[in-house]
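There is one chain below, alone, in structure tokens, taken in the form predicted on its own.
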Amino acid sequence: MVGPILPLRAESIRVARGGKTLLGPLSLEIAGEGVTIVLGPNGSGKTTLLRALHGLERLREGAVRWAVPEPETRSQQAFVFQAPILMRRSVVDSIAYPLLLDGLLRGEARARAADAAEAVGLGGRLALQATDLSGGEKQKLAIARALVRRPQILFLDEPCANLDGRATREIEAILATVREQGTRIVMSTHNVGQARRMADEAVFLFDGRLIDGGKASDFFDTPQTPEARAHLQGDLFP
């Protein structure tokens, strides 16, 4: 049984490629409950930060530390990409796949997958091929597949970027339920309105650096940097 894996601490991390620093150095702590929203203009490092926290980026400097040894965290965290990664399988078998990798029997894995599908509104779509779903349904499948292992923390990289208003509202409602059930959420978005609706705390990146953030109400009411103020007002950056 894995104990609580939070807090998560990024300690002076830096990510670089081809001699160019993409992120950092920056330090950050994710603890407690709720939703952390990562904001910033395009190219500010939002995706790179999420990938680094999740262990998908090689760090040039610094370290990401959990409350337990890193190998124990792998089954307790999940990542949803902006563009859903689909498999040539039915909806139920796509969601069940991580459980099969964990060694669960197929019947138990499919039963848990069906429950996860029902929770995101795909209960009537189990037999369909994943590739036949609509855009919003594909993202719901990706979320269900991420949650089927019942992770302690869920990372999402702009999951609503390519969705219309209705699908976005449905995804936000799903994530609100996930939050209420105790899963810690760290999510990037370019949508300031969505950030205001969802965030308990905010992280603002600019040019790969963490330059503003904190409790959501404080950040949105009184941003401390001109870059954050400009972003929240919808202004263009030079």
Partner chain sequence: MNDILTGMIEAVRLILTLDPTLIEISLRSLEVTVSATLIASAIGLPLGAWLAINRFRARRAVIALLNALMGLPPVVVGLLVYVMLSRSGPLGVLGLLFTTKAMIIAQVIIITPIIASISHQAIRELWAAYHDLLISLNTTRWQRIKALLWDGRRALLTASLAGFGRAIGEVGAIMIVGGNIDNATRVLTTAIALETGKGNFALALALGFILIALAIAVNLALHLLSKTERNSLW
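Residue numbers count along the first chain shown, from 1. What you are looking at is a predicted structure, and each value in this text was computed from that prediction instead of being measured.
What comes next is about the form predicted in complex with the partner chain, which is not displayed.
Note on the interface: of 24-32, 51-59, 208-216, 179-187, the segment with non-hydrogen atoms within 4.5 angstroms of the partner chain in the predicted bound form is 51-59. Not one of Ala195, Phe220 and Ala230 comes within 4.5 Å of the partner chain in the predicted bound form, counting any heavy atom. Put simply, Lys140 is far from the partner chain in the predicted bound form: not one heavy atom of it is within 4.5 Å. Although the partner is absent from this view, Leu105 stays clear of the partner chain in the predicted bound form, with no non-hydrogen atom inside 4.5 angstroms. Taking the partner from the other structure, the partner chain in the predicted bound form has no heavy atom within 4.5 Å of any heavy atom of Ser134.
Among residues of the shown chain, Arg88 is one whose heavy atoms approach the partner chain to within 4.5 Å in the predicted bound form. Heavy atoms closer than or equal to 4.5 Å to the partner chain in the predicted bound form belong, across 141-169, to the residues Arg145, Arg149, ordered by sequence position.
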